[in-house]
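What follows is one chain in structure tokens, specifically the form predicted on its own.
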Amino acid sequence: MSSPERVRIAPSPTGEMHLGTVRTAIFCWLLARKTGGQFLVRIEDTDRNRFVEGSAERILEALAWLGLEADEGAYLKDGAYAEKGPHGPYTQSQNLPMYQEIAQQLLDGGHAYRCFATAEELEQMRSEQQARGELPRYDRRYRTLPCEESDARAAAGESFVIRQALPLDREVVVHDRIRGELRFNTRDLDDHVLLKSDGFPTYHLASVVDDHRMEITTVIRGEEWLPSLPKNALLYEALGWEAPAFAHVPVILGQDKSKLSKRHGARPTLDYRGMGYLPDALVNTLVFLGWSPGTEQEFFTRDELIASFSMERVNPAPAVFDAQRLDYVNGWYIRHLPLSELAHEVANRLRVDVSDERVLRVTQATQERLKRLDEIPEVCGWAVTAPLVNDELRGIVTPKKRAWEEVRQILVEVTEVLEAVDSWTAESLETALRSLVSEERKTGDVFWPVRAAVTGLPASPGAFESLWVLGKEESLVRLRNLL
């Protein structure tokens, strides 16, 4: 086992948590568990323009549902936002004086400078650059402003931001745990903002400061943050701090290889709970988006995932999310739920008492058919709610190329045979119904009408299972009502 890792997930409370952030959280949680380290949750709420009230709580609720417990940081306590651990506050908006102090330290050391450019000035700058066919970027016009003038303008109350003073032409080499050695040149970068005019830090400053003070050993984040990597490395250097390791995980795409979106089946994380997906199924599906165990094993317990996981087996190539694959994985996990646990879910979704014998029976009869728990009312509801007797039901009950009067006669005979059955088991019911099969009357002529009559569905468990689920009394009541 390698040294204990301290890793963090740092979502912004600007809306619901989506699959890319969840996948990163899974990698972080697994690395912490694999190395006997700590998994931290930090809320990066410095973008006040996009802040959404209640978003942090929804993010923490999603992490709790997935079983990604934070050892330190933000979590839900009795449904409310809370924090734990010695490195708090874990919400960045509560740390403004600290970020401002670090920004001043960078100013004093010559690693940052005040920029007094107005919004109109910046817009004109971009327009002129675009007209010349250049890439729009800040042109460093305030970088050489004398310190005395900068101090005087700030003291006079003029609005400014603080920008990092990057070296003008220097190669920055950083090792990435997934992508290997990466090289950047500062001539391709601009002097980005560290502290905004409202006193709030940008991601570039706040994340570096917090990762340092929280003693993060590996920063795991999406590959969209790769352009920030040389800036982060130079900021650590300017502050005299040892930088953590970095690992940029691959982007998740839809099946058409475009950015993952709703049209590919991607939704906010908690929507998957409402749709009837199990936490283990979502975790198992997402962990394979970029990671491979190096074996043919498809399904893992949490302990097996922890034992198998390593950052070295994360592939930098883009990963494709397949909603149908998630259904397949979820069906597997549903089939492996303890029957009693699934029966409680069935009872809750059908709004009946779990002690109803039909609940356990229909659970047993349909467990192999379920792909999502939200299918329970459709797949299992017939066990507690009798079908309406109408022309639609008669159409379902009547097989193709058969007349209703012929089917009705079969059901009359079925009812008589079932009345004589004493031991109501699938085996005895099969024996009883097969006694009505002959050379002229095939099994489908008998079994289909019986199954459809008692369930009201074109697709359901077989005739023997359906009768067994309902019990003798309810089965005969439904057959007689139709007749």
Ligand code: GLU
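All residue numbers are counted from 1 along the displayed sequence. What you see is a predicted model; the values in this text were computed from it and never measured.
Here the subject shifts to the form predicted in complex with the ligand, a form of this protein not shown in this document.
- None of 315-323, 218-226, 404-412, 300-308 except one has non-hydrogen atoms within 4.5 angstroms of the ligand in the predicted complex; the exception is 218-226.
- This chain lacks the partner; the member of 10, 470, 17, 463 within 4.5 angstroms of the ligand in the predicted complex by a non-hydrogen atom is 10.
- With the partner omitted here, the residue from 203, 160, 142, 75 that has a non-hydrogen atom within 4.5 angstroms of the ligand in the predicted complex is 203.
- Although the partner is absent here, residue 445 sits far enough away that none of its heavy atoms falls within 4.5 Å of the ligand in the predicted complex.
- By the criterion of a heavy atom within 4.5 Å, residue 44 is counted among the residues contacting the ligand in the predicted complex.
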